[in-house]
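One chain is shown next in structure tokens, namely the form predicted on its own.
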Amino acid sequence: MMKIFFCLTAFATAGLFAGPTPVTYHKDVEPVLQARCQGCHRPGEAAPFSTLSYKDVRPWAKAIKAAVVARKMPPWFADPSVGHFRNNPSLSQAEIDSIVKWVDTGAPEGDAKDAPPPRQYVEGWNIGNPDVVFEMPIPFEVPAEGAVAYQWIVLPTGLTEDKWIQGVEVRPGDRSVVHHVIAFYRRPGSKWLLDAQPGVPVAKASGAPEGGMSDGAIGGYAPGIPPRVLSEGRAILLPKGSDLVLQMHYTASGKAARDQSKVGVVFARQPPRERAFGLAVANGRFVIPPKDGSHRVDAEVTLASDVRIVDFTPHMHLRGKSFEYRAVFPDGRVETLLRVPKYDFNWQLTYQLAEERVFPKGTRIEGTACFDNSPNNPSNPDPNAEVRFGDQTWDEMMVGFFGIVIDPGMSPGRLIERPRRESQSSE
């Protein structure tokens, strides 16, 4: 009997009877939050609470568990069976299991010595310290209620030479009322918004349709869209003497607010090998019938040159249900590039291709959007309304942005065959 006792004692000492290794915040959970969550979940950013410390996280433990088990967080909506994307923030099953076990065992902190080194952030910016900041000189007063027309604000850059942008971040002054911001640029001599005074918001973009006389956009803001930080050798052109033009979409929140948004820019240190630019498949001529739960709208563009595509950003409003991009090659072959089966207006995500590809001249890039205008859509502003293209969130948009890179000396105006063909149908 004594021999058995000594054997059991030896086994226990050897750890053979030890319980499972405990899951702790610092050892198991903090590295996941640091890698996947802190970009938004920290003071001054869009998320509602911080994940920078155990003290910050502990009160939210059960909510975090529920969100990751349902795969609501981190937000990601691409069909995993179509394409691969390098910015996919989705947690692995092992990471989800660790968070669940941590919460279920009381969310212990553990030993601070197990914590990873803290990430370093520049307060107020995700792109690091900007080389220059362009800010609205006059705050815009957003009323508590009612529709607010798009505001257009011209910000002179004062640039005396062409500049190449490596990183750009648009930061709203008050996220509660800023639906989105697009930072366009216009070259000297443009007649677009010619009558606008610098820094003074105007409610109508005179001189051209929306953005029609700009030479492009350098960046933007919408919930879920990260700042643009380009890889080495790639940059966005900002010509000398250009003005920035901010397109501001405000939404009343029930409380009067003041916004003074700004744009931070980091310039490239060397001339780029490739110029980053944006194109889109878009349709502005659709009509969505009342109570239609699955209305399809299509658009397409044909490439007039070989083009390297790097990312996709589908855009719709509250009735947006799904979005898909396809490539139809010159030989007739069809390939689905991105499918978003459950579009979420609250997260305007960009999907960055893990393997960038050159699509040959003559390739047709197609986009298909589906809208839910039925009473079954809890976000639907009015299922009895006939819906058309428009600026406000109770209107709709069908725009499939896609990012490209081209030779720095190439003209973006020669990338797409004209005219664009648009069509629509109902499922």
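The first residue of the sequence shown is number 1, and the count goes up from there. This structure is a prediction, so every number in the text was calculated from the model and none was measured.
Missing here is the form predicted in complex with a small molecule; even so, the following discussion is about that form.
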message: I need to confirm a contact call. Of 108, 74, 167, 272, which residue comes within 4.5 Å of the small molecule in the predicted bound form, counting heavy atoms only?
response: 74
query: So which of 397, 37, 370, 52 gets a non-hydrogen atom within 4.5 Å of the small molecule in the predicted bound form?
result: 37
Options 386-394, 28-36, 372-380, 355-363; stretch whose heavy atom lies within 4.5 Å of the small molecule in the predicted bound form: 28-36
field: Contact of residue 91 with the small molecule in the predicted bound form (heavy atom, 4.5 Å)
entry: yes
- prompt: Does any heavy atom of residue 121 come within 4.5 Å of a heavy atom of the small molecule in the predicted bound form?
  reply: no
query: Can residue 329 be called a contact residue for the small molecule in the predicted bound form at 4.5 Å between heavy atoms?
result: no
message: Under a 4.5 Å heavy atom criterion, is residue 59 part of the interface with the small molecule in the predicted bound form?
response: no
